[in-house]
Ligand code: AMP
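What follows is a single chain, given as structure tokens, in the form predicted alone.
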């Protein structure tokens, strides 16, 4: 069955209209859930090895439009693994202290240490997305950031961090349905932000900004994965499989035990 995220060729121009956000490959909901459960068993094993080995890092970046599924991805995909080895951070509007530094300062200080999986809910890409769409800094400032982001990610990669970037691709119609579900469910009212409606009016501008970011910042050492995400169950199996494949490729393993363990006798 097809369970691969779409990884565009480095340097290729991205047109999101060519990617179907409702795509599910050969899966239905039941088969995707069964496969996800199997993959999560292996994910749990590999994450334990990564944590025990303490030599490499896995950084996962989630970007999407509002209601795109960043929170639920974190909840569903990472639910079974050891929380001691996972670091999750959500980037919101920068604080006064953060604004007093360069825009990458707040991101670099949140990157996970060796042995950990770090998950960014939004990221440094906000500085070429919301900043660009809303003209928060001049064009000649944000235009330079694509190169700066690439070099930042290159530095992380060269120092032992595997980077996986996921764009959760939903349709505008799916976003509307998810917004309506939030309004209809009192337990989800805390998620509601009326400002999201203003952002929704800028949908086309954001699609353009995402396309440029996906094009300019898609590298071999930090590839973008476009994940059809109208169906959450398909999104979950695709992302879990991509993470498992990356950890397998990193060849994580338990460290060698100290010598003589077989001769140790625990006293009464």
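These numbers were taken from a predicted model, which means no experiment stands behind them. Positions refer to the first chain, counted from 1.
A second form of this protein, the form predicted together with adenosine monophosphate (AMP), is not displayed here; the remarks below concern that form.
- Adenosine monophosphate (AMP) is not shown here, and in the predicted bound form it never comes within 4.5 Å of any heavy atom of residue 139.
- In the predicted bound form, adenosine monophosphate (AMP) lies within 4.5 Å of some heavy atom of residue 91.
- In the predicted bound form, residue 174 stays away from adenosine monophosphate (AMP), with no heavy atom inside 4.5 Å.
- Taking the partner from the other structure, adenosine monophosphate (AMP) in the predicted bound form has a heavy atom within 4.5 Å of a heavy atom of residue 122.
- Only one of the listed residues (81, 74, 163, 131) places a non-hydrogen atom within 4.5 angstroms of adenosine monophosphate (AMP) in the predicted bound form, and that residue is 131.
- Note that among 131-139, 165-173, 148-156, 110-118, the stretch whose heavy atoms approach adenosine monophosphate (AMP) to within 4.5 Å in the predicted bound form is 131-139.
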